[in-house]
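First, one chain by itself: the form predicted alone, in structure tokens.
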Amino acid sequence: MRKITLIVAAALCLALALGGAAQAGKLDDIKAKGVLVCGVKDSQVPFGYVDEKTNQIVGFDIDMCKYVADKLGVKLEVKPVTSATRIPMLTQGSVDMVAATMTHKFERDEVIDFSITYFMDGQKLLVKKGGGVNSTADLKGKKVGTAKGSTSEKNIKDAQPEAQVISFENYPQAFLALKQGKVAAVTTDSTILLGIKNSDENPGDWEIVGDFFSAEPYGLGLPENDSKFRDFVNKSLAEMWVSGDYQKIYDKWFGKDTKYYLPLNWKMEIWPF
């Protein structure tokens, strides 16, 4: 009996040891390998896109990742994701963190964790100027394009149930459909629409219309149930805001001297240090 008890105890100790190893925190893993792998968009001006001069992915979200990587003292590696692939790539471990214009929703909280809000936006419509679409009410019986796997899909269906929603792999594809007359509007967060509009060779042909019909608080996507890593990221974001580094990065991409000017009219939730 004593022998059996010892065997059981040994098995339990082994299981606990293996469990502890299997659950090693992401923070320690990143430091050990010396690289933070961040999932980012590569066609979403100015959040994440390929710079034609350098052929590198750059943008606001990439700078968010770089700040966290610098805080960790590691290099940054970015991997392209889409609205549909960003959560699977995070849960599968292909990336350590996601910075990809991702709205924090309770539904997504079931499979991943989020940082505090690092960007605030709302959903609108991008349409052909003078084309007769000025709000979601004008989309009754019409086709509207958005990105597959985005919150925009659900939001536009709620805002205009009688519109036909066409989902594309990314927003540039949806915009191409708008230019070809295949959809009457493209819908997503207003800042993304601003990037699409002002990246076009004829930005004056397009306009962003309507009132906000959703709130879109962006969070950094993080592995589920890893509070140590999540706390580190949240503290890094708070330090970025308090130090003024957030404002510098924001102005770099959304300041008055850019094509994507958007006043910073919200404040990050900062907890006491």
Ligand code: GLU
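Keep in mind that what you see is a predicted model, and the values were worked out from it rather than measured. Numbers for residues come from their place in the sequence shown, where the first is 1.
The following text describes the form predicted together with this ligand, which does not appear among the structures shown.
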Note: this ligand not shown here; in the predicted complex, the stretch from 88 to 96, 157 to 165, 144 to 152, 131 to 139 having heavy atoms within 4.5 Å of it is 144 to 152
Checking a candidate spot here: are C65, E239 and K248 all in contact with this ligand in the predicted complex (at least one heavy atom each within 4.5 Å)?
no
With the cut-off set at 4.5 Å between non-hydrogen atoms, does M102 touch this ligand in the predicted complex?
yes
With heavy atoms only and a cut-off of 4.5 Å, decide whether K71 touches this ligand in the predicted complex.
no
Closest heavy atom of V186 to this ligand in the predicted complex, within 4.5 Å or not?
no
So, in the predicted complex, is I192 in contact with this ligand at a 4.5 angstroms heavy atom limit?
yes
At 4.5 Å, heavy atom to heavy atom, what parts of 153 to 178 sit next to this ligand in the predicted complex? List them in sequence order, or say none.
Y171
